[in-house]
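One chain follows as structure tokens, the form predicted on its own.
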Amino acid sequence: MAITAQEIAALSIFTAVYTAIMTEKLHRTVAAMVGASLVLLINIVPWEKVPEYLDLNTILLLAGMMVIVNVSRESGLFEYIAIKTAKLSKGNPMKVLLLFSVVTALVSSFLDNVTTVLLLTPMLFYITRQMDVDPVPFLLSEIFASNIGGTATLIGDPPNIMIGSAAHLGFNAFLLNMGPIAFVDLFVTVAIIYLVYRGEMKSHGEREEAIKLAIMSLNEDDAISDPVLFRKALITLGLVILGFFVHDRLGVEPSVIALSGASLLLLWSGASPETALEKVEWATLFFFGGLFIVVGSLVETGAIAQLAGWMVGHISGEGDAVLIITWFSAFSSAVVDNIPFTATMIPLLKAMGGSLNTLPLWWSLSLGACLGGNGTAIGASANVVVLGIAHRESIRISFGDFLKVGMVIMVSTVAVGTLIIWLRYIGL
């Protein structure tokens, strides 16, 4: 069958946008917006079909959670959590590693990974200085834990939000399917970090008692800059999380829960909406919008359906599909941004729905897209942010150093996740 001019144009624009994102020749938001403008201008995606491809559930969910985080941050809530965690460890480096990893994963389950590491990394530097230990293993563990924690829930990582919206999978479905994988993978990761860096995590013997005293003298209450806002933020976050658990029964989309929580917190706290909205990552939201339209052009021209047909023809069943999609997603997401990758895969999996049971394939895509980011220093936004902060603190973690540990973590955790999905959906 001959390729049409519109198919060539759609593939060319998609390839150009993807190349610009990968090479960082253009800011990813600019690349996505230019690509979306082109496919609309030349009418590859008709204007009346834009709502069909523009996933507002994903965009509005992110926007609502960003507002909640921005208002809550002003209370000192996240610094309070960090100090409380350090004190629970009583200055023991291994306990700090474990507890900070657990806290990072838990917070990343409900907030985006970049916000989580921005809030917790400064406290981690402070605590490792007090303990007089090398911060590198703690920083790496924080990166890996943030990506693993984001895998556990619908709202933990943008790929999951996109998958949940496309496949109509709710918060509880993600928690029941991806939560156990994240739980096991977190402790696998901590064990690997400990084995690799156990020598660097030892405190100097003569200072051990002084270090413990310094940690225990930290006062978490001093971190609370606004006690009233602190309580209101806690209650609002609790209600939002409860809403995510029951949204299926209520027949309400997660985005509505997030926007309702943001509205409640703004109303109740009296916080300035201008200030809260100024800190919303508008570039990220416009990136999503543009990207959805660019990928929509591949759906509109039939390119995705043709690729899906080719894949189905070379896959003998769900077992093959689980393995191929998981590992292809993992290694791809270690190299390229997992958001455009997921946006491309979603219509592909939808198109495979006529021949295969796609439920395990959605979990495979989530697993690979979220955990693949642990493979390299550029595999996820959280990686780049933490390494940037470390560089400003004169601590350099090279691409090669990260790769040696990150690839082991990625392969180990994806293998564990693949085994769990296989046993649950494919069987022995």
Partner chain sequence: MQVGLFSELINRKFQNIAENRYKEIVERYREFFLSKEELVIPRVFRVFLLLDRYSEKPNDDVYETLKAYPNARVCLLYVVEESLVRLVASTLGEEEAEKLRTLEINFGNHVLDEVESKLKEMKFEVERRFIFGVRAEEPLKFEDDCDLFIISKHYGSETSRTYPVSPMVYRIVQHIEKPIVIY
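Positions refer to the first chain, counted from 1. Worth saying up front: this structure is predicted, and the values here are computed from it rather than measured.
There is also a form predicted together with its partner chain; it is not shown, and the following applies to it.
At a distance of at most 4.5 angstroms from its partner chain in the model of the complex, all three residues G76, V384 and S398 contribute at least one non-hydrogen atom.
Judged by heavy atoms within 4.5 Å of its partner chain in the model of the complex, the contact stretch among the candidates 126 to 134, 269 to 277, 168 to 176, 188 to 196 is 126 to 134. None of E318, E200, E281, D248 but one reaches within 4.5 angstroms of its partner chain in the model of the complex through a heavy atom, and that residue is E281.
Only one of G353, G302, P122, P180 lies close to its partner chain in the model of the complex, with a heavy atom inside 4.5 Å, and it is P122. A residue is said to contact a partner when one of its heavy atoms sits within 4.5 Å of a partner heavy atom; P51 fails this definition for its partner chain in the model of the complex, lying far away. Not displayed here, its partner chain is approached by T115 to within 4.5 Å at the level of heavy atoms in the model of the complex. The closest heavy atom approach of L242 to its partner chain in the model of the complex falls outside 4.5 Å.
Shown alone here, S12 lies farther than 4.5 Å from its partner chain in the model of the complex, counting heavy atoms only. Scanning 18 to 54 for heavy atoms within 4.5 Å of its partner chain in the model of the complex gives I21, M22, T23, E24, K25, H27 in sequence order.
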